[in-house]
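Given as structure tokens, the chain that follows is alone and in the form predicted on its own.
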Amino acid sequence: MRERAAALPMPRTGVDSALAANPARALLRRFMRNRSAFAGSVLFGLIVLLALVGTRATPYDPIQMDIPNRLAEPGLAHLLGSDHYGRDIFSRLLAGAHLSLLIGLISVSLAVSSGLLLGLPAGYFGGWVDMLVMRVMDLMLSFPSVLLALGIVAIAGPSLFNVMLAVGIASVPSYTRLVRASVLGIRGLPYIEAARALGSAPLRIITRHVIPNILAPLIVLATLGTAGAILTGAALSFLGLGAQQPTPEWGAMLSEARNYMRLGWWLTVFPGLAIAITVLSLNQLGDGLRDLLDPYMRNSP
């Protein structure tokens, strides 16, 4: 009797019943309980807010030179110091925040849209479509992503737009392979077979049944990929292939400051911290979303 009683399900409490009736509330509760994900979302939200108001709230003109105050140490006049042209570092970091986020968001949006356009037909239809798409992806994966982005920028020319384009193209294989693998995992499930039996067109099945069920891993990869895109964009700008002077982009700021490191430590420390904190916040947010959207983690206590 004791073993039989132990096998019976425990009755739901009022809180558990409310959460079961409201999945969005349960999802928010799990997110709030994940400390790293919550901290990452708050930190990234603050960075986005600074990026939105940075161009209008800068205490100084981020590109206006002030030679008499060049290499000023951090203080009341210049909160984070000034560079070798007398430009305020804090103002340039605020103005450059939206550029770095723009690199990540646009390049990842390009990669996600391309991955959907290529991975959906490859996974759903198979055959020669799958073979053609995956051979092209294998060819692109034969080059390291950074090297591929370098080659694209070298051909197209150094500019911020070309960096976004290059980083997005270099990231396409990862998203295409993820979409294809997700579609292969669900295209034979009963609800897909039922939709086919009812006479639904392939386009309708893909848009209404396939895409909604592959969004979870795609969102996680896009969040983590945004951090990588920001880092790659900063690396290309550091090499002189991205934003050109006097554009206040974080990677370009590091490139300028490397010749003045002995004269002012703040020239490299603060732009480097800005990149590191942004990438860290996105990585923490991506890890939290993975735990929340993973169906195996979703059923864990």
Partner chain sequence: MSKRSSPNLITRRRFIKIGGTGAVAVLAVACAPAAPAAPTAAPAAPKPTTAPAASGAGKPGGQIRYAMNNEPDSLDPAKTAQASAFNVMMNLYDTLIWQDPVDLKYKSGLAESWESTPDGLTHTFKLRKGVKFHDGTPFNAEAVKANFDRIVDPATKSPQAASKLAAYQSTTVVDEFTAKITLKTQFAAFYDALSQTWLAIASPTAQKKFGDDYGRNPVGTGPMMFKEWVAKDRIVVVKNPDYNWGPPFWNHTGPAYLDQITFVGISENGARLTAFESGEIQVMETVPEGDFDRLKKSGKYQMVVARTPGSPMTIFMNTEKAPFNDINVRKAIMHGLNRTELINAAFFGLYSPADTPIADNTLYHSKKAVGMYPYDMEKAKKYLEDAGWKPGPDGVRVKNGEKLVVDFVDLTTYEPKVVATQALLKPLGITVNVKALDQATRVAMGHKGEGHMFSTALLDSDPGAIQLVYHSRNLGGFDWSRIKDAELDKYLDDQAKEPDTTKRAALLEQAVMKIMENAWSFPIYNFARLFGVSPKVKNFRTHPIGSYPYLYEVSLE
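Residue numbers count along the first chain shown, from 1. The structure displayed is predicted, hence computed values, not measured ones.
Another form exists, predicted together with the partner chain; not displayed. Remarks below refer to it.
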Subject >> One stretch from 105-113, 139-147, 80-88, 203-211 that, in the model of the complex, holds residues within 4.5 Å of the partner chain by heavy atom >> reply: 80-88
Original post:
From the list 71, 154, 129, 215, which entry has a heavy atom within 4.5 Å of the partner chain in the model of the complex?
Top reply: 71
**OP:** Name the single residue among 263, 28, 52, 57 that comes within 4.5 Å of the partner chain in the model of the complex, judging by heavy atoms.
**Re:** 263
Original post:
Is there a heavy atom of residue 36 lying 4.5 Å or less from a heavy atom of the partner chain in the model of the complex?
Top reply: no
Subject >> Contact test in the model of the complex: residue 246 vs the partner chain, heavy atoms, 4.5 Å >> reply: yes
Original post:
Is there a heavy atom of residue 276 lying 4.5 Å or less from a heavy atom of the partner chain in the model of the complex?
Top reply: no
Subject >> is_contact(residue 65, the partner chain) in the model of the complex, heavy atom dist at most 4.5 Å >> reply: yes
